[in-house]
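Let's start with one chain on its own, the form predicted on its own, as structure tokens.
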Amino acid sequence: MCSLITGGSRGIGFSIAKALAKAGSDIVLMARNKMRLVKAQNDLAGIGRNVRIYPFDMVEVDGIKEIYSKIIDDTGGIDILINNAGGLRRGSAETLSLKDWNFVINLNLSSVFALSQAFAKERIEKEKRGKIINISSVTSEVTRKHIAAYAASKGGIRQLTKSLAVDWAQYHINVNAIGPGYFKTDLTRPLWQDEMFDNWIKKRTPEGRWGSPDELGYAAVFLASPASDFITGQTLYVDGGFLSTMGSVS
């Protein structure tokens, strides 16, 4: 078994890669920064699985088909695809530039479609099963100020997950998503280092805390395993109860 994780050099992506490696999967990591990839590769070495790294910027959507073909040639095939790479540009909707909008949509949504398509074509051609796990967000359901592009991209991920699941179920390719609540990562650093926002999250989340990226790894192992073979088109929200409570999220 071999798993490909985009944005896998740190944060949520690395935690998922570590969990899948511990579950017995070989690992392929993709990310922009080669030094971080090398560090992640070294950090995973002790688990005893084969770990390959491929520096690549997922914003370059037109290059995804080529890099994926190289990965297939090198590995012989990917069984599990984790579409984790993502980013955001903060700003009020009336001032957000089209350049920033396009950056977020390309990285968070268009690249997911392009890589998923390449994955599915290879699986279909070889008549092999496959699992796709997209990383969505609670902002696919609710939102707050200054993240219009990010919220739009994650809402798109929710619906793309459903659409791909319907198209590819006949080929035994399961497509699901994980919707994290508020987790302490590099991406959310400005939020959890803000005392007022930190306190608000803890009060707004029934569990009373931020999530740990390792907790998303466990969810990914479930969706990647035979235990989820009859689950497709779903988003599993790992949010400490955030979406279940009443109250403002502004």
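Quick note: we count residues from 1 along the sequence shown, nothing fancier. Since we're looking at a predicted model, the values are computed, not measured.
Below, we turn to the form predicted in complex with a small molecule, even though it does not appear here.
A single residue from the set 135, 109, 132, 78 has any heavy atom within 4.5 angstroms of the small molecule in the model of the complex; that residue is 135. Contact with the small molecule in the model of the complex, defined as a heavy atom within 4.5 Å, holds for exactly one of 204, 32, 52, 49, namely 32. Across the options 114-122, 91-99, 78-86, 168-176, residues that bring heavy atoms within 4.5 Å of the small molecule in the model of the complex belong to 78-86. Taking the partner from elsewhere, residue 25 is found to have every heavy atom lying beyond 4.5 Å of the small molecule in the model of the complex.
Proximity of residue 12 to the small molecule in the model of the complex: non-hydrogen atoms within 4.5 Å are present. Using a 4.5 Å cutoff between non-hydrogen atoms, residue 217 does not count as a contact of the small molecule in the model of the complex. When contacts are judged by a 4.5 Å heavy atom cut-off, residue 187 counts as touching the small molecule in the model of the complex.
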